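This document starts with one chain, in the form predicted on its own, laid out as structure tokens.
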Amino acid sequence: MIEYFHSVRLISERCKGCVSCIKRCPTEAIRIRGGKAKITESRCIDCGECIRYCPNRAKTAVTDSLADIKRYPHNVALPAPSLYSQFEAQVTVDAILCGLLSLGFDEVFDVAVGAEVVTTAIRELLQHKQVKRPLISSACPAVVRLIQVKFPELIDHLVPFEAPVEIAARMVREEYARRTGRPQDELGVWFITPCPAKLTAIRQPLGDLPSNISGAISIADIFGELRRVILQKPAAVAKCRRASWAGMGWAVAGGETEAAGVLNTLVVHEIHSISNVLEQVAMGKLKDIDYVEALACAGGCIGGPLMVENRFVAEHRMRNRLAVGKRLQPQPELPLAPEDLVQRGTLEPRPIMRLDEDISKALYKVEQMERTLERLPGLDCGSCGSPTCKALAEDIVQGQASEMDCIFKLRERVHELAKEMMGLAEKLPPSLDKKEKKGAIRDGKSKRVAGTSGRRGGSDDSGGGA
């Protein structure tokens, strides 16, 4: 059995058993059983939708802490470009990057540098006509997981490059080895992350290659302390590696394709919208589009569940920063992207819709599922603990639920039982059934009367004859 790591976790004591999470999960990974939510690990893609919509704060993301950097003698911070959107315009990128030094990191390397490398590689890749269209961005790990579990037939459409953060981490490690000649296990490389899916991709890589990142620290966890040190104790800027606006732009929806100069592109963000678009790609309806930029969070990484600032405010700030960057550096010289730097490992499908390993049993279960679904009301209310009637039908044939979990089927059954009970209540034993007794007596009298009448008739007949 495959063991899964997930950053998204359930705090059981806070869960009230409401259906908010099951209605928002894009892969139907959550059920309510016994009054509590349960996450099916094989289906979860760590997109964070359940964290965002849980009214009881019963879902959370487990990430590394700032104290974890003490495990290594030398530590490098990899801040996501979306971090810059959390600060007002007067707080410069240099101040943010170098503020991380004051938190205990020895060096800072802008992840946007990795985004610049991938930008160049995508631009070159799209020059090849044999590449499958539309090409789908692979920068967001939640989107890649969504394709692995729900649309495995689209894996060949994914950009065959590592995510920018992985490329940045590899550059850091290569530079460190070249500069110091010291062993890699002395180096801690930490991603400052806007979402839980990034940590999951580090602990359980998407492909067959190990991650170069030691761990991920939530932006929400360090924002307060980072803001304090930036305002109180500005650090030196000598060790901070910065990227151009082209790399920074990856933080917002549309920034990736704008940097790459792709014109015939479809920008889609928010995980449910992505799922709908991927369905169209799977049906072959979008072959006339060159590129699909897909980001699981609304607005892009600036809308990540581990961010602090309001998404719209963050987007406003980020676009203002980009506008200033474009004015100062209209045509950035993006670094060359050597093929061995950007290539990622092989992605394997992780299909979740398989009902049984045995094909004959699976077909039988499909028939059972369709029959069960016909009996269900089709309201998709979620009160049964499954997100839809179809999901409940699947749970029933898999032995994980019963038809009586549906409140409407339960009500029907209770009504039938009530009618049956009423019928039984009206029945009496023959000895007490007066109605039946009276009827029997009346029938007996009628018979006797009829017999008497016959005899009288006979007398009359005989008398008449005398």
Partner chain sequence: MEQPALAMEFHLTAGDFNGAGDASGKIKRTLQQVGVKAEVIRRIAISAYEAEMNVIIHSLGGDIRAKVYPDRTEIEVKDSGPGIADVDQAMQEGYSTAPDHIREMGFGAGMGLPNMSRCADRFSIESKVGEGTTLRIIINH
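Numbering follows the first chain given and starts at 1. Keep in mind it's a predicted model, so treat the numbers as computed, not measured.
Quick note: we don't show the form predicted in complex with its partner chain, though the next part is all about it.
Trainee: May I ask you to check whether D395 falls inside a 4.5 Å heavy atom distance of its partner chain in the predicted complex?
Mentor: Looking in the predicted complex, residue contacts with its partner chain do not include D395, since no heavy atom lies within 4.5 Å.
Trainee: Given that the partner is absent here, does L363 sit within 4.5 Å of its partner chain in the predicted complex, heavy atoms only?
Mentor: Contact with its partner chain, yes.
Trainee: So in the predicted complex, does R182 come within 4.5 Å of its partner chain, heavy atom to heavy atom?
Mentor: Heavy-atom contact with its partner chain at 4.5 Å: absent for R182.
Trainee: Are any of the heavy atoms in R145 no more than 4.5 Å from a heavy atom of its partner chain in the predicted complex?
Mentor: Because no heavy atom of R145 falls inside 4.5 Å of its partner chain in the predicted complex, the answer is no.
Trainee: Quick one: from L125, L355, C381, M171, grab the residue that has a heavy atom within 4.5 Å of its partner chain in the predicted complex.
Mentor: Exactly one listed residue reaches within 4.5 Å, namely L355.
Trainee: If the cut-off is 4.5 angstroms on heavy atoms, which of these, E339, E88, E175, E153, is the one near its partner chain in the predicted complex?
Mentor: Exactly one residue meets the criterion: E153.
Trainee: Can you say which of 162-170, 311-319, 116-124, 367-375 gets within 4.5 Å of its partner chain in the predicted complex, counting heavy atoms only?
Mentor: Looking at the other structure, the answer is 367-375.
Trainee: Using the arrangement in the predicted complex, list in sequence order the residues of 258-281 with any heavy atom within 4.5 angstroms of its partner chain.
Mentor: Contacting residues: E279, V281.
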